[in-house]
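Shown below, as structure tokens, is a lone chain in the form predicted on its own; questions about how it binds or moves come after it.
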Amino acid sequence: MIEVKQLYFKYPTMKDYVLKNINIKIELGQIVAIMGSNGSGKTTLIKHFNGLLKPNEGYVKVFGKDTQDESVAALSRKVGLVFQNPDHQIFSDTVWNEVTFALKNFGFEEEVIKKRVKWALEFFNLIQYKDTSPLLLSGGEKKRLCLASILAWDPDYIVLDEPTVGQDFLQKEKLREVIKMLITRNKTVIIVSHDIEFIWLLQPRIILLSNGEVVKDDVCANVFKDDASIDKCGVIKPQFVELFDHLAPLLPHPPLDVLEARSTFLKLMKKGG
């Protein structure tokens, strides 16, 4: 698991702590969304998961190993991080070589590398660009290339920073299916996102951050019942939850909760009702 204990962190040029007394555990087989307003510490927190940042106080352990004692390369084999801005991650001369790079560094055999790269590029509809410079791709294509590069080496934790930015509806749906597939393989997907509707459909565990502190850590349905917490963290409710809150009191036989309402709605949609 990833275990964070009494984590405090501040950047060298800053006076105040960006993260304060963070205590969380993230086990395998989970979908976890980290949410909060800009500047709440979300990206700073996930950069601790693979050792890009090290705590000033407290510790972060990945599979029992303190990140202070491990290199970023060693931690990245277990924790793959896709940055919000793909231009901060892409550096190879071709799309094929971009996906190949980490596999070579992790010591995969050549035949395995070829199969994994081909699978990843085909899966994300990038195979036609295999000999193209990544710099010539669109923003959305670059995001998919970064994700392909991470999934190719099959880490246990996949951390996605704003993965839906620049993606159209179909690509978001594909990403959602990828996440669900990864969970069936006992992987954990950690998502930093402001895309409320995308997160709501996944129904993950949600960690709310405000001013570098954990305000709430609970299942999705419970988080969006807590108006005080989501308001404090600058998070809005999903449209379906807002609709349920307004309509449920007016119905003669309202559903027990918003999840039951969502399930009923999806069944009616499938039947064309």
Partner chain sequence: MFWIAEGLIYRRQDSVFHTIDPRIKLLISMMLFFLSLVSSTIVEFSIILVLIFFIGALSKTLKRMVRTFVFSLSFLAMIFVINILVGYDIMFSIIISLRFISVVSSTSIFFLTSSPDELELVMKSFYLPYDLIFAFVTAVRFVPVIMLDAIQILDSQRSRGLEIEKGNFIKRIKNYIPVLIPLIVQAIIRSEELAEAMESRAYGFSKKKTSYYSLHLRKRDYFAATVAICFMIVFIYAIYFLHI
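Residue numbers count along the first chain shown, from 1. This is a predicted model, so every value here is computed, not measured.
Below, we turn to the form predicted in complex with the partner chain, even though it does not appear here.
Engineer: Heavy atoms within 4.5 Å of the partner chain in the model of the complex: which stretch in 112-120, 125-133, 195-203, 98-106 meets that?
Structural biologist: Selected range: 98-106.
Engineer: Could you spot which one of Leu243, Leu52, Ala221, Ile26 gets a heavy atom to within 4.5 Å of the partner chain in the model of the complex?
Structural biologist: Of the listed residues, the single hit is Leu52.
Engineer: Though only this chain appears here, would Thr184 touch the partner chain in the model of the complex if you measure heavy atom gaps against 4.5 Å?
Structural biologist: Heavy-atom contact with the partner chain at 4.5 Å: absent for Thr184.
Engineer: Using 4.5 Å between non-hydrogen atoms, is Phe91 touching the partner chain in the model of the complex?
Structural biologist: Within the cut-off, so yes.
Engineer: Verify the contact flag for Gln171: yes if a non-hydrogen atom of it lies within 4.5 Å of a non-hydrogen atom of the partner chain in the model of the complex, no if not.
Structural biologist: No - in the model of the complex, heavy atoms of Gln171 and the partner chain never come within 4.5 Å of each other.
Engineer: Can you tell me if Glu177 lies within 4.5 angstroms of the partner chain in the model of the complex, counting non-hydrogen atoms only?
Structural biologist: Looking in the model of the complex, residue contacts with the partner chain do not include Glu177, since no heavy atom lies within 4.5 Å.
Engineer: Taking heavy atoms and a 4.5 Å limit, what residues of 76-94 are near the partner chain in the model of the complex?
Structural biologist: Counting only heavy atoms within 4.5 Å of the partner chain in the model of the complex, the contacting residues of 76-94 are Ser76, Leu81, Phe83, Asn85, Asp87, His88, Gln89, Ile90, Phe91.
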